[in-house]
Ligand SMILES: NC(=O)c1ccc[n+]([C@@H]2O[C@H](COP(=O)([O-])OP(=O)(O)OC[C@H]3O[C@@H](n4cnc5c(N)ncnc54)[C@H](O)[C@@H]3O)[C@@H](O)[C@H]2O)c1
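Next up is one chain by itself, shown in C-alpha cells, the form predicted on its own.
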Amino acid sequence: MSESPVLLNKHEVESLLGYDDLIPRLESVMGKFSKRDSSEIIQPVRSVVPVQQYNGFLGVMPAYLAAEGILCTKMVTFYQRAEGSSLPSTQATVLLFHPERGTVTAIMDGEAITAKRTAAVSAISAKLFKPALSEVLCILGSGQQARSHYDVFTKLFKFKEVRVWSRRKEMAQQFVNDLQDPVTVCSSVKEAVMGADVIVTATGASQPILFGKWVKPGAHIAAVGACRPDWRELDDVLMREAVVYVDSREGATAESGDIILSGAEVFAELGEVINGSFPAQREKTTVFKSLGMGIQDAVSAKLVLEKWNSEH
C-alpha cells in the first residue's frame, strides 16, 4: 500500500517557497530547456480546454525532468470574470509524482506556486534586460501576480519610485494599502508608464492597454497577462519595435496573442540568454513575454516538498 500524498495548502506553500532558493533553480532549468535535449526535459505545450459557457479555460501543464527525478503536472483554470467578481481569475493545483512508481507524492496549492515562479522568472528577465540605471518601476494590475512581482522586484532591485495602475482604482488603492513602502496610485496607464524603466503588465486585459508611444526607449517590459492567442496587453508598435524574449518559442507562437496578432519576431528564449547563446540587449527596449512553463511549476513544487520534508 503506497503512502498517502503530502497535502499542502496555499499558506504552507507560500511559507516554504522562498525567492533566494527558487531563482537559481529556475535559471538552471530554463537554461536546460533551451538546449532542447529531450532525454533531459520533456514538456509539451500546455493543453487547454475551453469552458465557453462560463468564459473560462482549463489548462494542463505536465513536465518530466529526468535528471532531477521530477514528474509533475499543474492543472489551472483561468476565467474572465465580470467586473466586481469576488472570484479569482486563476486557480491551480500541482501534483508531484514518484517517477519510478507513478504514485502521487504531493498535492499542493498551485496559486502560490504560479504567483511566485512567474514573478521570479520576470525578475530574472529584469536582471538581464533592464536598463543599468533603473529608478522607476511600474506595475499594471492589482491582483496576486501584481503583488508577487512587487515583492520580488523590490527585494532584488532598488527603485526610487514605484507606481501602480488598475482598471478599478479602488483595487489599486487596496493593493497599496497592504504595502509597507510608499507606492503611487496612477489614474491612467499612460500616467503610470511614462518615464518608467521597468514595466510589469499583470492584467486580465484581452485588448492592448500598453502602447509603444508611451514607453521610454530602453525600458524593459515583463508581460505576464494575456495567455491566449486572441488576448493582448501590448500594442503592435511596442511588440514590433522592441527586442522580444520569451520563456518558450513553442508556447509563445501557439498561445501569445501579443506575439501572434502583432506578427512580432521572437529574438530569443530566456534560457538561451542564460546559456550565453543569445545576447541580452539591455540598451534597447525589451519585452519578455511570459506564458509560464510546466518545468517552472515542477522545480518549484520539488523545492516546496524538499523544504517540507526537512521540517517534518
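One-based numbering along the sequence shown. Note that the coordinates shown come from a computational prediction; the quantities given were computed from them, not determined experimentally.
Just so it is clear, the following notes concern the form predicted together with this ligand, a form of the same protein that is not shown.
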- request: Just superimpose the C-alphas near the binding site, carry this ligand over as positioned in the predicted bound form, and say whether the shown chain is open or blocked by the 2.4 Å backbone or C-beta rule (3+ atoms for blocked).
  value: open
query: What stretch, of 126-134, 178-186, 94-102, 197-205, brings heavy atoms to within 4.5 Å of this ligand in the predicted bound form?
result: 197-205
Residue 229 within 4.5 Å of this ligand in the predicted bound form, heavy atoms: no
Non-hydrogen atom contact residue 300 with this ligand in the predicted bound form at 4.5 angstroms: no
message: So in the predicted bound form, is this ligand close enough to residue 22 to count as touching (4.5 Å, heavy atoms)?
response: no
query: With a 4.5 Å heavy atom cut-off, would you call residue 214 a contact of this ligand in the predicted bound form?
result: no
- request: Spell it out for me: taking this ligand in the predicted bound form, does every residue among 117, 145 and 166 have a heavy atom no farther than 4.5 Å from it?
  value: yes
